[in-house]
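We begin with a single chain expressed as structure tokens, specifically the form predicted alone.
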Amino acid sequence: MGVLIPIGSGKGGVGKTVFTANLGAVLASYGKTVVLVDLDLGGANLHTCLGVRNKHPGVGSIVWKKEKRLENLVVPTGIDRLFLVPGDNLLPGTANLDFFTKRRIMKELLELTADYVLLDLGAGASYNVIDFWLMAPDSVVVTAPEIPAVLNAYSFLKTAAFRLLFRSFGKGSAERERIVEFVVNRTEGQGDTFLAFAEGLAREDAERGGTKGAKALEELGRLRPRVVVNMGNGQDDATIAQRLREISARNLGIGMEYISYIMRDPYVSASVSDRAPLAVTAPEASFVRGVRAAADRIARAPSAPAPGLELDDEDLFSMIEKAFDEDGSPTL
């Protein structure tokens, strides 16, 4: 597989999908094979930004077991080396993923053949979104330099840190209870950060001869989101965006890397109406220059391995999947 880049946002309206489409086009222009996967389940519109007609089966075909392999859903975009796995607004209920389907899609994503696989996730911090976002420790968060957007981006990262810790331990474990208690009772800006709490959890687990606490601490320490600030207007906006790093460090104890500050560009809305990425129609536009800055940072970065996290009942479903595969029955 290639480099997996999940792209999320704390709220809608910050330009995540337009950014994803143009990032894919820029990376493709570098001679890389790129597959865009629309995982905004229930609200898929990545195809619109690419000018691809909404007539192809998409991720919903996996959800409804009409298709077994994600790779069979890959369609050309008309842009050289850039491909798309559509979402699916044609089938109702696509947004409601059960555990088995989510695990199946995760597995299929890792098997796609490409230099880069970009995931356009739904806005917000539902657990389905966060679980896909946590497939890489350096996933991207798109935000805007506005107080509500920055606070929503922080909430997104806070949920990701909680979910990472929670999934580091098995179902029904005492550690999971401790993690929930910590999150529920913690007051913002006071007490331990998530990282400090994880350090204590690791020490206690080690004293009992356990190793999962150390693993959880390691994974949380590796969590380093890449942040794109979109629709900026100037220095004052940059100061607002900087608050995301400050409140995340104070409350979560995790760092982040700002990989682009993209100025507001009036040509972006026109490109959406025209159903063509600005990176193709106007490669020197200011928005595209900002996307290219992010692409350059991504292209230079080494590929980070995915966190090894627990999914509830994964052992059971692994055995079910293995049994189906071995007796020749259709894969669920």
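In this text, all values refer to a predicted model and were calculated from it rather than measured experimentally. Residue positions are given as counts along the sequence shown, with the first one as 1.
Not pictured, yet referred to below: the form predicted together with a small molecule.
Shown without its partner, this chain lists 179, 216, 262, 129 as candidates; in the model of the complex, only 262 has a non-hydrogen atom within 4.5 angstroms of the small molecule. Only one of 281, 269, 303, 54 lies close to the small molecule in the model of the complex, with a heavy atom inside 4.5 Å, and it is 269. Between 227-235, 99-107, 130-138, 194-202, the stretch whose residues reach within 4.5 angstroms of the small molecule in the model of the complex through a non-hydrogen atom is 227-235.
The closest heavy atom approach of residue 112 to the small molecule in the model of the complex falls outside 4.5 Å. The shortest heavy atom separation between residue 45 and the small molecule in the model of the complex is within 4.5 Å. Under a 4.5 angstroms non-hydrogen atom cutoff, the small molecule in the model of the complex lacks residue 240 among its neighbouring residues. Taking non-hydrogen atoms only, residue 123 approaches the small molecule to within 4.5 angstroms in the model of the complex. By the 4.5 Å heavy atom rule, the three marked residues 63, 67 and 86 all fail to count as contacting the small molecule in the model of the complex.
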